[in-house]
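One chain follows as structure tokens, the form predicted on its own.
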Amino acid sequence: MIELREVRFGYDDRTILGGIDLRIDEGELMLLAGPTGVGKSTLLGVVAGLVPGYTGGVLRGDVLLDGVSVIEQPARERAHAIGYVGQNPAAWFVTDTVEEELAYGMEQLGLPPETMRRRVEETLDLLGIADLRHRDLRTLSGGQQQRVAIGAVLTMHPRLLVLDEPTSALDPTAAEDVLATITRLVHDLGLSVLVAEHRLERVVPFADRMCLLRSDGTVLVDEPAAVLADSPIAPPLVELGRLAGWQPLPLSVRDARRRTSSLRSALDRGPAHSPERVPGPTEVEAAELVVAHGRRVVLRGVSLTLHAGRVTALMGRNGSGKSTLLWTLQGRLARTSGRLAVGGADPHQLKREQRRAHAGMVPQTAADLLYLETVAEECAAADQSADAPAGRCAGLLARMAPGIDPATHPRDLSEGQRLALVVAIVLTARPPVLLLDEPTRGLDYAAKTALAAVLAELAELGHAVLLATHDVEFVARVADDVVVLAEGEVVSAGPVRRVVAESPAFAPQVMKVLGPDWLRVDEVASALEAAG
């Protein structure tokens, strides 16, 4: 259906794509993977017609759609056949409400009103967003915006759907629903899909083939099991399969569970759990907290205590109130009722600079905090603002996203690299309370491991960390405690090992395979080593 021939792209001093040959057939779901900043979004932009028109740079080679070259066609002339959903869906919205956004693309294609109405209804039901029909797009959670953005493209019935991190802002259940829906369209209607994703554990079971984009700008294309056999990035399930010596590697929990008999016998003694971090003084105390947006109550009687020296994960479905709770703790939002103290003070009553001294916040739209011309200037400003030693911010950034040129403009970084930069800037000040909203979006497994190590160090130094996330594997790696929200209320709270075991939706892959005693692959590796 669509074919890339010897596609090369780069700037005067930097090559990003180096001679890529890739073909996506009709009715195929192709997974695009690679390290943070390697050029996945750039490759998707080439297919969609956004590169180099919106990015600059030099593009060579050819892009064929049904054998006809479209490399000179801009994105608007490919929109009838190629639908694109970027990493930041809110940046692409052009209307005010969900229903209007779903219809907008069809209006541009000149479809009859009755066709538009039918497709809007079909898509609302398909993605489970019928209750959002009349909602203002600006009031939606990040995950809800993601589903609306996908729906706005699906209503145009493209032949190829290009998705950049489509599940990054979705809770585990919503992510599975969206991927299952897309897979059904692939199987039933012959839709072709090219999807870039860092959380491979979510997409690998659905993929027909996998394209690994390497740091030299070339690609390896094959069936997922073949590519993941020695890939530098791999989901926990594949790492477990490598450790156990399973061939072929399991790509689903079901496949792995069928092979665990020999592994379980070697793990009879169970894992040697790491000693828990001892809670320090109370840094945040909320009691019966109620927060409303206008007439809509978002948080209902939330009670929460955060201690120094502990990392707490905040989980829950999209729209459950996680971001609202973070911004209330930061002080930007006022509580309607209840009690709240952060560092002994009501954060909403503090001035902005005082709030930053009490709690550092990394928002979902992290790029909003970047305003200087180079990465080096951003890091230097962060060091100066925090009265920190020169190089602290740059050092944190190098750990999470190595190889970034300090002279690069922040807006030229990938989504994951920008996030890593903002996290480094906020961490530089080492605030007593650290609040992070979806801090792993766009980060590969190595970057998430580095971020986990940084958060663990901050906890050891006595900071209280609260992170809102849908990344269950990251929670298993970094969290001491978990709080689960539903409809603005706390429905579960406690130690990570107990809370994630209570719900299959929030359980990491290793726990699903081996049972509630096991959270991570490194626990299995340590137990096998101890058993000889």
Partner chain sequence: MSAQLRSRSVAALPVGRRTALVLGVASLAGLMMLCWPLLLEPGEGSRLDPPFLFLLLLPLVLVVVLAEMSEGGMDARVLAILGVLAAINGVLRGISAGTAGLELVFFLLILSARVFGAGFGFVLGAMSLFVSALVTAGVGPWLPFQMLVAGWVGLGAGLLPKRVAGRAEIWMLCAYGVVSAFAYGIFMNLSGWPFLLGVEVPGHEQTQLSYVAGAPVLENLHRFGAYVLLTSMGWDLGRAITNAAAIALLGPSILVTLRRASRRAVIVRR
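By rigid core we mean the largest C-alpha set that fits within 1.5 Å across both forms. Computed from a prediction, not measured in an experiment: that's the story for all the values here. Positions refer to the first chain, counted from 1.
Keep in mind that the form predicted in complex with the partner chain is missing from the display, and what follows is about it.
- Residues within 4.5 angstroms of the partner chain in the model of the complex, judged by any non-hydrogen atom, belong to 68-76 and to none of the other stretches in 282-290, 260-268, 455-463, 68-76.
- Proximity of Ala507 to the partner chain in the model of the complex falls outside the 4.5 Å heavy atom cutoff.
- Contact check for Arg214: no non-hydrogen atom falls within 4.5 Å of the partner chain in the model of the complex.
- The partner chain in the model of the complex is not approached by Arg184, whose heavy atoms all lie more than 4.5 angstroms from it.
- Although the partner is absent here, Arg498 lies well away from the partner chain in the model of the complex, with no heavy atom inside 4.5 Å.
- Though the partner chain is absent from this view, in the model of the complex it lies within 4.5 Å of a heavy atom of just one residue from Glu373, Asp177, Glu276, Asp346, which is Glu373.
- Applying a 4.5 Å heavy atom cutoff to the partner chain in the model of the complex picks out no residue from 145-169.
- For Gly56, a C-alpha deviation below 2 angstroms is recorded between this form and the one not shown after rigid-core alignment.
- Once the rigid core is used as the reference frame, the Cα position of Ala91 differs between this form and the one not shown by 2 Å or more.
- Relative to the superposed core, Glu373 shifts its CA atom by 2 Å or more between this form and the one not shown.
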